[in-house]
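So this first bit is one chain, no partners, the form predicted on its own, shown in structure tokens.
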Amino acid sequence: MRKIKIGSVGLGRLGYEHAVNIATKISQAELTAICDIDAQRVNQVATELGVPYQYTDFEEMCKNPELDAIVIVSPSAHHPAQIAMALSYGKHVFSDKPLGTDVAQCLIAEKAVEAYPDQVFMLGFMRRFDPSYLDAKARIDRGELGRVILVRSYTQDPISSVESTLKFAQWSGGQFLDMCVHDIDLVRWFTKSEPKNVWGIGGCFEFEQYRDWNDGDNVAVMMQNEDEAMSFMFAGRAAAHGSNVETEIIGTRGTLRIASVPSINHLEIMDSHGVRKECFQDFLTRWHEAYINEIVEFCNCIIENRKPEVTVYDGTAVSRIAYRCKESFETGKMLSMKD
């Protein structure tokens, strides 16, 4: 089997997860190069994973003629420029979400992808590759739920990891872009309909510093689509029990619930505290299989010369919606997507 030689940029929590997966879990891929501004970190990971090429300069990595593809897991603000650069050097590109930190950046990425139609570009909406969400989507498409009435989605990060989150909060684009993009993407994916009206609300319930960035540590949005389907999304930074992502899809003929209790397995513990289940403690553990599956799909698209289902336009659409939600949150008004 042909192996896709990949260079990966960014060695933070998710960047390291992808690097390990590419190097050890994905038979179609070979981790050939890694890049990060921290040279010591690059050397450490390269030694651990046996990566032959090390870079602190992204363009130098893109120039490497051995590489077939680039995986971008750098800070969000760098994504559009790095997408454009990697494509210009003839590489296929996988980029983590979001596509950019504002709509103008997303449009830059769109133009870059359009300029290289023979290369594969894929955006990392990993929930689409989680087995439970794939099952739910298939059931919806088969008509088992009838017409979708409501999608309810909660995305909560554990309070135990908030310090690392706070370091990047002011450059993240805000909760609606940084956290709700996955929920917004699911609504569009499940309903095949675009939003008509959005109403964003929220506040600072635990971490007042979010006010300095016109943001909240816990926010929510109500949305109604063009087909009248409704959705409610909640994003929070202070979950005491761990990483919690749950989704409910209510239809005219049935209801689907995914991870209504965020259990790491089926084990029940009975002791002096009562009966309980342990929860995922971080997003990497919850989405480990999905992160592998999305890179497998990226590699297969290159090998089979086909385009992924997730496109650059999905990234722009979700970012546009997220920013409209943020505007609604800041103004306190329900806003139309058409204004």
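Note that the structure is predicted; figures quoted are calculated from it, not measured. C-alpha atoms forming the largest set that superposes within 1.5 Å between two forms make up the rigid core. Sequential numbering from 1, following the sequence displayed.
There is another form of this protein, the form predicted in complex with a further copy of the same chain, and it is not shown here; the text below is about that form.
Enquirer: Assess the spot marked by 38, 46 and 81: is a further copy of the same chain within 4.5 Å of a heavy atom from every one of these residues in the predicted complex?
Expert: Not a single residue of the candidate spot has a heavy atom within 4.5 Å of a further copy of the same chain in the predicted complex.
Enquirer: Quick one: from 154, 129, 189, 116, grab the residue that has a heavy atom within 4.5 Å of a further copy of the same chain in the predicted complex.
Expert: Only one option qualifies, and that one is 154.
Enquirer: Among the candidate residues 122, 179, 72, 223, which is the single one with a non-hydrogen atom no more than 4.5 Å from a further copy of the same chain in the predicted complex?
Expert: Contact check passes for 223.
Enquirer: Just to confirm the contact call: exactly one of 105-113, 251-259, 72-80, 181-189 touches a further copy of the same chain in the predicted complex at a 4.5 Å heavy atom cutoff, so which is it?
Expert: Of the options, only 251-259 has residues within 4.5 Å of the partner.
Enquirer: Is there a heavy atom of residue 147 lying 4.5 Å or less from a heavy atom of a further copy of the same chain in the predicted complex?
Expert: Yes, residue 147 lies within 4.5 Å of a further copy of the same chain in the predicted complex.
Enquirer: Quick one: does residue 230 come within 4.5 Å of a further copy of the same chain in the predicted complex, counting heavy atoms only?
Expert: Heavy-atom contact with a further copy of the same chain at 4.5 Å: present for residue 230.
Enquirer: Flag residue 202 as yes or no: does it have a non-hydrogen atom within 4.5 angstroms of any non-hydrogen atom of a further copy of the same chain in the predicted complex?
Expert: Judged by the heavy-atom cut-off of 4.5 Å, residue 202 is in contact with a further copy of the same chain in the predicted complex.
Enquirer: With the partner left out of view, is residue 307 within 4.5 angstroms of a further copy of the same chain in the predicted complex by any non-hydrogen atom?
Expert: Outside the cut-off, so no.
Enquirer: Can you tell me which residues in 312-339 come within 4.5 angstroms of a further copy of the same chain in the predicted complex, by heavy atoms?
Expert: Stretch hits, in order: 332, 333, 334.
Enquirer: Rigid core fitted, is the C-alpha displacement of residue 272 between this form and the one not shown 2 Å or more?
Expert: Shift of 2 Å or more: yes.
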